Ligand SMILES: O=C(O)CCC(=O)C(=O)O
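Take a look at this single chain in structure tokens; it is the form predicted alone.
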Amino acid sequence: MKDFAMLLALTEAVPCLDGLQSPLEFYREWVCPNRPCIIQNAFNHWPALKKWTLAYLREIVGSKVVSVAVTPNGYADAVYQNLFVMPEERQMPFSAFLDIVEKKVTSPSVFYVQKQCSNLTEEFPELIGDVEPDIQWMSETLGKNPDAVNFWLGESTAVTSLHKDHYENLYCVISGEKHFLLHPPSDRPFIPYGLYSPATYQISEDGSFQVVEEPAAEKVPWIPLDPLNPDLERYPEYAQTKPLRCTVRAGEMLYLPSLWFHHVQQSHGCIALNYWYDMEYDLKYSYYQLLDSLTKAVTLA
């Protein structure tokens, strides 16, 4: 029972490691107990740390047409007007996107390269040689390769709404800063969920956005609460949570364990990569599924 309780052992701040541990040590101290940490000096050897300026990216990738998430308010994949609203996925030259990030062109919309389908390998293969296709010590720790490697670059107004993923996540900041608000899985009873019809932002001829619902699509479970400005009158249980906040700076890596809730902001023009490793569907997963089911049962009672 003591070992099981350790799964939820937390600290009041996200610990910081000055360098890598062995795969066995990292598994025992962080993966197995499902605890986040920031790791410094984990990828100092990557050429990207010195090479990936906006000017370099423009030279290497500028002419390529890529997928860019465009929203009126910076919130993609978030609850809005009682719908789960996804961004407009705009195909545009990467150089035109950089013009907006560098403020050479102004736009009332918010632009974010954030497509989470291993877009580094699918859309930016020219950049793979500046990083690594996997995090070797993590691949050894977990006994598998990552399912996806995602490239992130956007404006400071682009925000990732509160959610969780079924992945062991290594988030590597190349330049700028990422600001994370984290909740452990044990906070699930106090975090509201709802089922929302999916919709998409679409740009009109006059430049305004419309929210276009997809009525025949299956509803999406999502968190309606903004943890930066929570409506405690509507969701009083959220006051019982104990979020952790951390900033991940250039050259640092965040280990974000599977099923941790996270909300993300960034400095303007921040460049980052994250490596998604599929989680193990083990005792921890069964426990969190039980916790989720009990929470839903109490909510419906």
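None of the values given here were measured: they were computed from a predicted structure. Quick note: we count residues from 1 along the sequence shown, nothing fancier.
Another form, the form predicted together with the named molecule, is not on view; read the next lines as being about it.
May I ask you to choose, among Glu132, Glu89, Asp165, Glu102, the residue with a heavy atom within 4.5 Å of the named molecule in the predicted bound form?
Contact residue from the list: Asp165.
Which residue, Phe84, Phe124, Tyr171, Tyr201, has a heavy atom that falls within 4.5 Å of the named molecule in the predicted bound form?
Here the answer is residue option Tyr171.
If contact means any heavy atom within 4.5 Å, which of 39 to 47, 62 to 70, 243 to 251, 257 to 265 contacts the named molecule in the predicted bound form?
Stretch with heavy atoms near the partner: 257 to 265.
Heavy atom to heavy atom, is Trp276 within 4.5 Å of the named molecule in the predicted bound form?
Residue-level check for Trp276: yes, a contact with the named molecule.
Does any heavy atom of His183 come within 4.5 Å of a heavy atom of the named molecule in the predicted bound form?
So His183 does not count as contacting the named molecule.
Could you confirm whether Phe94 comes within 4.5 Å of the named molecule in the predicted bound form, counting heavy atoms only?
Contact with the named molecule, no.
Give a yes/no on whether Phe111 approaches the named molecule to within 4.5 Å in the predicted bound form, heavy atoms considered.
The answer is no: Phe111 has no heavy atom within 4.5 Å of the named molecule.
Relative to the named molecule in the predicted bound form, which residues of 21 to 43 have a heavy atom no more than 4.5 Å away?
Not one residue comes within 4.5 Å of the partner.
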